[in-house]
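For reference, the chain that follows is the form predicted on its own, supplied as structure tokens.
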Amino acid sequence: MAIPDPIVEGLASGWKHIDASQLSQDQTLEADVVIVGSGAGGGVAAEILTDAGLTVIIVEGGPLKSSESFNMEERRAYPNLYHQAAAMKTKDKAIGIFQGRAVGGSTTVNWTTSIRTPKPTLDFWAKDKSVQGLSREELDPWFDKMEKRLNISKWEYEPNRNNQALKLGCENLGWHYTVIKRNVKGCWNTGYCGMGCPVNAKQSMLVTTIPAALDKGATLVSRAKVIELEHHNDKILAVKAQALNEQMQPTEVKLVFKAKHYIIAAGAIHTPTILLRSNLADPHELLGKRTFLHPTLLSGAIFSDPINGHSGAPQSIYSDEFVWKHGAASGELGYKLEVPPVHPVLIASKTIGYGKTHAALMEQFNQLQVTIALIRDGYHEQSQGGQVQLTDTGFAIDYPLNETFWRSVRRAFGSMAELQFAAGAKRVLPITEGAPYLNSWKEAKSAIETLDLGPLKTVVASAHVMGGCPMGEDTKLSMVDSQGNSHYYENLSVMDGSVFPTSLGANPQLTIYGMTARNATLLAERLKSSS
């Protein structure tokens, strides 16, 4: 039975929601706190601050959708719920990037994987990035709190065949694997999380923290694109935004938001973009630098029995066999092994070839298993990430892929092929131009050594954008302190994945939930004590 739609019920009950596309006149709104962004950071902060009795305005560039809009069709989901219709790419077009664009941010369309921040990541941040107070022991109570709030628990059902192949390959090879925790309640196990949950089972910000904040009087303004922050000396004075129409194009209507405190939680692309566009203090030129993507490779495998990778929980098994094998910063780059959901448009757009070759691959769609390897970036001296840059029309992400990266890609293709053959694959196809179908692990091992890898030849994707506004106590390394507060503006905080000093080596949503829960609670206490 579908869970009632909290958006429909909330709007009927009188929530304060302003769809900026419907405005015909300029508006100025005021509150104790203005939050830019409604994803993992903005949603959690909004609930905690309203719980504390503060008035809150949430400003979101995307539209307010609900399960009534989620019809499990890729052709509608990607244009309606993703930035650039899920076709965003880096400056050189070598990496495709998925980012949500709707109330709830990427939590509305992610695959529900919930992993606590790895201890080696936190140890590296403390030792090399001047981050304080974020050990696993200090963070675990906040993870406990958010896991309880968002119903995050180990997936108790049988993995789908796509995930089972990952599990079986690991078992047969003696490799590490773990059952994934998911943020779901009453899940129908359909496998369409990436198109918005049609039954409101996914505990995204859209159906949890945002409704809770609105129930307590918060105001949500959707389809409002933040242009810049107005500031003077060490204070932020206002957030300036532009209304968007239903086609997400700018209108003539301007919006101004004023508050005692401002939280930027627009994600690791848009937070640096807004701050750069506002010409905020940045004496060490850190903004937008060290942007991390977990650049991800794909390996297809044909099985004799149906895989049906479109059906069932998209991700329920992962392997960390190779993430930390060579240490955090020395040796070769580590990579995490997972699987993606296998939907027709998604896979057709992330594979290679055309005409008969591509058609032949798609004819075997139901026997196709796909494994992905997420490269852990930001630790090794030859893995310093990319950069968000302002352009005349918005922003660009420059992310160079160097020889150190390509060595890891070759190793990752080898690991994925070995795993897929160990799981029973008949043939394996590394998703890179010119790669043939490989018929055995022995053949794959030899062929992968000589594959011609490179930008625009090898398919590289990302769904995890991090960094660009790093945290820490050393101002030469960071823009905000370890609690997300600006080093330069007394009433500005950042609460999203842009504060990560490196990538995580794990899917980021639970890290953002936990850290934001801590930082927003501390901020609420400070704001209440000063009022």
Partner chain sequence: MERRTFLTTALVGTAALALGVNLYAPEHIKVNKALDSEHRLLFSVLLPVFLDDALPEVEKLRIAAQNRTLDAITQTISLLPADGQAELEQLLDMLENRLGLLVLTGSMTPLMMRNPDQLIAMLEYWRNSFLDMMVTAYQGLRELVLASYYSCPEHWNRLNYAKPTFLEV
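Positions refer to the first chain, counted from 1. Keep in mind the model is a prediction, meaning the values are calculated, not measured.
Keep in mind the form predicted in complex with the partner chain is missing from the figure; the text below concerns it.
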Subject >> Heavy atom of V8 within 4.5 Å of the partner chain in the predicted complex >> reply: no
Original post:
Is there a heavy atom of A281 no more than 4.5 Å from a heavy atom of the partner chain in the predicted complex?
Top reply: no
Original post:
Using heavy atoms and a 4.5 Å limit, would one call T404 a contact residue for the partner chain in the predicted complex?
Top reply: no
**OP:** Look up in the predicted complex whether F124 has a non-hydrogen atom within 4.5 angstroms of the partner chain, and give yes or no.
**Re:** no
Original post:
Which of these residues, P250, P141, G353, G424, gets a heavy atom within 4.5 Å of the partner chain in the predicted complex?
Top reply: G353
Original post:
So which of G217, P79, P306, G327 reaches within 4.5 angstroms of the partner chain in the predicted complex, heavy atom to heavy atom?
Top reply: P79
**OP:** Kindly confirm or deny that I115, P314 and L522 each have some heavy atom within 4.5 angstroms of the partner chain in the predicted complex.
**Re:** no
**OP:** Look at the stretches 230-238, 185-193, 285-293, 271-279 and give the one with heavy atoms within 4.5 Å of the partner chain in the predicted complex.
**Re:** 185-193
**OP:** Note that the partner chain is not shown here; using its position in the predicted complex, name the residues of 340-363 with a heavy atom within 4.5 Å of it, in sequence order.
**Re:** H343, P344, V345, A348, S349, K350, T351, I352, G353, Y354, G355, K356, H358, A359, M362, E363
